[in-house]
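Only one chain is included here, represented as structure tokens and corresponding to the form predicted alone.
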Amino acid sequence: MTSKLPDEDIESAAADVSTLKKRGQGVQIVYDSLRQAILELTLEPGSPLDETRLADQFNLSRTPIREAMVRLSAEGLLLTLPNRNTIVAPIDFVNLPFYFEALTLMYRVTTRSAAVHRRPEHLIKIKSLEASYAASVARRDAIAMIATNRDFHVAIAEAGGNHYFTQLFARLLDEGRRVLRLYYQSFDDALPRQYVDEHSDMVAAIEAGDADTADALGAAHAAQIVRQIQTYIARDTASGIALGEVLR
């Protein structure tokens, strides 16, 4: 059965489309609505999507629906199967240990490198994103938390000066957005303050130029995220989500 967005989300998005259609922004509205539903896991991994049904829901032609879906596919959030059907991309939990290993390494190396190579302008950007992340946590806005967390850690990687590290870390963070959504969901989106403070501790070590402490904090930060996600996945509350199912 083809999954649908919640009616209230569709009504809101359709109203926006009606207002903005003449300005050619229908694609953006569809993209934003689908992307949020995927990241929120409202549209579960493996859920099929149908262009015609979505066109009816959004009161649009199939062309902007297709364009929005192409963008989401490029981000790895949608998957086109050999039979041409499109589904929400499954989360590959089989290879999750390898993902965690790479993620932990990048937390460590980018934080250490930033402590060695950061410049004043880097610290300004990092601290601004740190504040934005804390504000999103206070609002319990999980989508904003995911976005600002990603930008915060990418800014740290940029401060390290190695663009290969930056590109790899950005890719890993982008690929792990739904996994991070499970992390916040495990706290009912009320992230404990101690985990927000971990960002502050990392910034302090970077600003102080203390590479060893920055490395250790990066490792500890990654470790607690990995433990929390692994624990949450093991709970019965996750049993109804087709996290690792690949449809063929």
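Numbering starts at 1 and runs along the sequence shown. Just so we're clear, the structure is a prediction, and the values are computed from it rather than from any experiment.
From this point on, the text means the form predicted together with a further copy of the same chain, which you will not see here.
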Quiz prompt | Which of 133 to 141, 164 to 172, 120 to 128, 146 to 154 lines the interface with a further copy of the same chain in the predicted bound form (heavy atom within 4.5 Å) | solution = 164 to 172
Practice problem: Could you spot which one of Arg181, Arg66, His221, Arg35 gets a heavy atom to within 4.5 Å of a further copy of the same chain in the predicted bound form? | Solution: Arg66
Quiz item: Using heavy atoms and a 4.5 Å limit, would one call Ala74 a contact residue for a further copy of the same chain in the predicted bound form?
Solution: yes
Quiz item: Heavy atom to heavy atom, is Ala102 within 4.5 Å of a further copy of the same chain in the predicted bound form?
Solution: yes
Quiz item: Do Val70 and a further copy of the same chain share at least one heavy atom pair within 4.5 Å in the predicted bound form?
Solution: yes
Exercise. Could you confirm whether Met106 comes within 4.5 Å of a further copy of the same chain in the predicted bound form, counting heavy atoms only?
Key: yes
Quiz prompt | Pairwise C-alpha change, Tyr31 versus Arg140, in the predicted bound form against this form - closer or farther, 3 angstroms or more | solution = farther
Exercise. Using the form shown as baseline, tell whether Leu168 and Glu75 are closer or farther in Cα-Cα distance in the predicted bound form, where the change reaches 3 Å or more.
Key: closer
